[in-house]
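Below, in structure tokens: the form predicted alone, a single chain.
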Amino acid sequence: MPRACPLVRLAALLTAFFLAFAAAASAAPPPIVIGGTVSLSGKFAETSHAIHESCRLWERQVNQEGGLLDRPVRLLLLDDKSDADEVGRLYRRLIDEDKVDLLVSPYSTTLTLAALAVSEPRGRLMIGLGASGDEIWSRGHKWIFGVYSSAERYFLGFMDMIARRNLREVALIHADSEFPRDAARGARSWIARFGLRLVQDDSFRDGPAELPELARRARAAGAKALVLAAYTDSCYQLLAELKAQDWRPQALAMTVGPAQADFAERAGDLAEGVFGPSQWEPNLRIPFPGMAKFIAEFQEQSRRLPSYHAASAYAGLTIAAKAISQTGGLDQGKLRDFIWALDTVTIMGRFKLDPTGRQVGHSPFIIQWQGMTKEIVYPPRMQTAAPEF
């Protein structure tokens, strides 16, 4: 009987291989898809890039460990361009067309509220990775939980410190949007509770146009301490204006900007002495589990230290993974009930929610730039340096 041609045998082997490969591929479980938006361009790009990098680190790690429920995990993160209308469009797509299994929020209170307008009516659980404004928790939302401490607690430690220093005259300037308004409202309450005196209370919409006059008002009012509640760009604008006016109050505190690892690099000598609230710091003296691994692997991946924005994203996804594993599925209600009952510790510190989904497990640190180094100055038990005034 004639032997089969070698080419025929090779064709048969290749056919068998591809059929086996196709069968294995069809039998592979579908990925668990977690979707959301990040601001890779526009106003919130700087902080959102840190969130994006942290999410990708978590995705790589969880898949290296076998995924969740014996399924790989896939993050579907779309660029919202820092635009609320784009956020609404993209979250409709993620839920209605892409059929994602779980949602993560955009960065900022403004964009998170735009996403919630889509996700809440559809009963879809959302991980609040990067928002702390009170409006998220006061509107009766049922399907979002936060990792950040709320904005109203941002300046508690700063007011405690300046009260002890007897710097009683405080000027307050804030951007007219959701998160800065909430941080400013909290600052007013702590000013009153610590017996300080509010000598200026102004909001602005256009930083470059309005901050010069607001800084002049703070100086004229005799402010010993100046608080700015805004986003990063406004921090640098105010510092430049204070330099132009050749004036610096005895204590200066700002949200968002000073917590960034490159703040001193960008601000130069103007960073010296600036205080700011921070949800977390990449300092191994803080005894939270998993920090060393997270810091090392983030730094290896991104060539820089993680900010609290990166740590929050990682912690939020870790909580979601725990909920998926413990409940054994992706039922939105079961995941919600598990997370709301959880009292645990992440790299961010204690995780615990109130009934609205607000994070109440931890409070922000206060950091200060001293000699081009970011130091933790509050609370005292976490200090890496004493505050300087």
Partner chain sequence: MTQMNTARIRPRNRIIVLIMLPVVLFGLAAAIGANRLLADPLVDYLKSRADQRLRLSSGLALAICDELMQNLLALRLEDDPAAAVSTQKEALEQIKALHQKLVNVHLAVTDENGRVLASTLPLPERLPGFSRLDLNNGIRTQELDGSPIRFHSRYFPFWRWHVISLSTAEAYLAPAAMASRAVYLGVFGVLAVLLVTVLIVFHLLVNRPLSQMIQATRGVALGEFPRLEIKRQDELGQLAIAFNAMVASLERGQEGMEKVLDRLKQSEEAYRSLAENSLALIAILRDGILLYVNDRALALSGYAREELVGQPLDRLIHPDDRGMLMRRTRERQVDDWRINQYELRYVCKDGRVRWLELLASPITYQGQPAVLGHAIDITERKNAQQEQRQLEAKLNHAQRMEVVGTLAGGISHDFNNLLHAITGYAQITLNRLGEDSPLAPHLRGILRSAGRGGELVNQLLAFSRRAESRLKPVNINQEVLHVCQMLTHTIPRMVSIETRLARDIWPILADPTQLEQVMMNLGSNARDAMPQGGRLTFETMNVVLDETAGQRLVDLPPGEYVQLRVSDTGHGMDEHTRSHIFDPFFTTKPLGQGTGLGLSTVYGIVKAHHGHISCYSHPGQGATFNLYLPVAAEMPREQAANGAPPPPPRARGELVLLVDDEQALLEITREMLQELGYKVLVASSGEEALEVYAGQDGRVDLVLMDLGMPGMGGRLCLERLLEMDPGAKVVISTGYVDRGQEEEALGLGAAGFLAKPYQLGDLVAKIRQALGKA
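In this text, all values refer to a predicted model and were calculated from it rather than measured experimentally. Numbering follows the first chain given and starts at 1.
Omitted here: the form predicted in complex with its partner chain. The next part is about that form.
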item: Partner-proximal stretch of 322 to 330, 58 to 66, 30 to 38, 358 to 366 relative to its partner chain in the predicted complex, 4.5 angstroms, heavy atom; value: 358 to 366
item: Contact residue in the predicted complex, from 153, 124, 141, 181 (heavy atom within 4.5 Å of its partner chain); value: 153
item: 192, 76, 286, 117 - the one with a heavy atom within 4.5 Å of its partner chain in the predicted complex; value: 192
item: Contact flag, residue 168 vs its partner chain in the predicted complex, heavy atom cut 4.5 Å; value: yes
item: is_contact(residue 134, its partner chain) in the predicted complex, heavy atom dist at most 4.5 Å; value: no
item: Non-hydrogen atom contact residue 379 with its partner chain in the predicted complex at 4.5 angstroms; value: yes
item: Its partner chain contact in the predicted complex: residue 334, any heavy atom under 4.5 Å; value: no
item: Output flag, 160, 164 and 350 jointly within 4.5 Å of its partner chain in the predicted complex, heavy atom basis; value: yes
item: Heavy atom within 4.5 Å of its partner chain in the predicted complex - qualifying residues of 65 to 103; value: none
